[in-house]
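Next up: just one chain, as structure tokens, the form predicted on its own.
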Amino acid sequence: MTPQALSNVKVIEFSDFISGPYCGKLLSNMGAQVIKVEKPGLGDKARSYGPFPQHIPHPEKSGLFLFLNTNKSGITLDVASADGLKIFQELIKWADILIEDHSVKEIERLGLTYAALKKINPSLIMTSITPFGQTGPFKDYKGNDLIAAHAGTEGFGNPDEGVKDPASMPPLKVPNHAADFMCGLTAAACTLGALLGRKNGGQGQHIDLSKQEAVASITRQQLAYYSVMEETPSREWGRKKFGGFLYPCRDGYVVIWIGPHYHLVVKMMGDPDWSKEEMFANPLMRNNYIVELNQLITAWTLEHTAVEINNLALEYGVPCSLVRSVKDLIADEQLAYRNFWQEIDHPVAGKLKYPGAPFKLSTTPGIINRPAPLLGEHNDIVYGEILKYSQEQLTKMKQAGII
């Protein structure tokens, strides 16, 4: 097989749910050997989250867990026990990277601080994901996707088109754990940076990743607006003055980017008479009449299907997209052409269609070739072949609840 970019990189994933596991998944997509550490009997919290086939909960059939943990080896280990801690420290000696998402207090209680672990493995890269970082007055606060979204101001600007009554319609979090996934993506990026730094003659290091900061780093226009104008952007209806807009059609929605493409948009619409009026034709005046412009464009889009408008946009060079449902995405011809969807056979969940690696590396391709691990599936391989424990020792550790 063609070597992958991270084929020789060894990772311990001591993380639950989404952010840490998504970081591990992105590294494993590039060939890293990722060993996922789960609690004996319970496993990753994501195993209890759906969706489940036929809506029947099952720890080996969670769609969320199956997606997040492809390509990984899975072991069970009670790190809180003395013997479990000793085994974990042996894994740290083996590893290049540790991904963990436990609280500062929990890591200190377990004796797994970076200061302690770098004595065991000076070249270790330890990526710590917490709601508010390792320092500061909020360092011990708990958090989740909802808290990260609002603490980082992601929720303030949503819905992006504004609301008719800001007083009665509060900020709205983006759905589907977007903040958690953004934190996982950020964790993967900075972990690769630390890995590259170590390769170039540096040492191991501790990565302190705050979910609040990861989300705050993508606030973009709102942050820029405040930095330049020293004013908080309004959430009033129609506040958006530039860029793309969402328009209803006969059978769905499209988003059209007007911006510098006004002349192409109105040409696509047949050059209506109103488009030549100075209030719209003059780009310096147009933004003051954006509500009226949107009403006129909406009247036109409602006369067409989303596909008709999308085809016209392609013909006239207008930046446009259908607003796809998940069903539409599965059938998307562009994704099919690029082999984005992959069918993976899991021993319990069966054959399911998964999103593939979200990138194409020409010489070191990303590959998903293994399903998510069963709970403790690779105990014998990791403890027996890597750490050299005997079968008798493994049996005793299992009986004691250590693995």
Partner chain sequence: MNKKLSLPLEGIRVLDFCQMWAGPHATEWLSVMGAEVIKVETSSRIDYMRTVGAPPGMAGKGPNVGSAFASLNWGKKSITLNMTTPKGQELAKKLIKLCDVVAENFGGGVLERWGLSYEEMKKIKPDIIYYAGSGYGRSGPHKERPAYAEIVDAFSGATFSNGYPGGEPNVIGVSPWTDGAQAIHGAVAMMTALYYKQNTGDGQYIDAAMIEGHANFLGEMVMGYIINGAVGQPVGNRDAFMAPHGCYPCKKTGDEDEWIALAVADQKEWEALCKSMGNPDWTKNDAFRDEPGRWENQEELDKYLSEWTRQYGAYELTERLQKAGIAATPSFSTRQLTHDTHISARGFFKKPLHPVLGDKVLAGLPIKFSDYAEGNYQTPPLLGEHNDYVFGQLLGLSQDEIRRLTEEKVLS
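Residue numbers count along the first chain shown, from 1. If you're wondering where the values come from, they're calculated on a predicted model, not measured in any experiment. Between two forms, the rigid core is defined as the largest C-alpha subset superposing within 1.5 Å.
Unshown form predicted in complex with its partner chain; subsequent notes refer to it.
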Check whether residue 59 has any heavy atom within 4.5 Å of a heavy atom of its partner chain in the predicted complex, and answer yes or no. no
4.5 angstroms heavy atom contact with its partner chain in the predicted complex for residue 39: no
Interface membership of residue 203, its partner chain in the predicted complex, 4.5 Å heavy atom rule: yes
Any chance residue 376 has a heavy atom within 4.5 Å of its partner chain in the predicted complex? no
Within 4.5 Å of its partner chain in the predicted complex, heavy atom basis, the matching stretch of 77-85, 293-301, 271-279, 190-198 is 190-198
The one option of 116, 285, 329, 307 with any heavy atom within 4.5 Å of its partner chain in the predicted complex is 329
Contact with its partner chain in the predicted complex, heavy atom within 4.5 Å, among 250, 139, 263, 93 goes to 139
Give, in sequence order, every residue of 315-349 that has a heavy atom within 4.5 Å of its partner chain in the predicted complex, or say none if there are no such residues. 317, 318, 319, 320, 321, 322, 323, 324, 325, 326, 327, 329, 330, 332, 333, 334, 335, 337, 338, 340, 341
Note yes or no: does the Cα of residue 252 move by 2 Å or more between the shown form and the other one after the core is superposed? yes
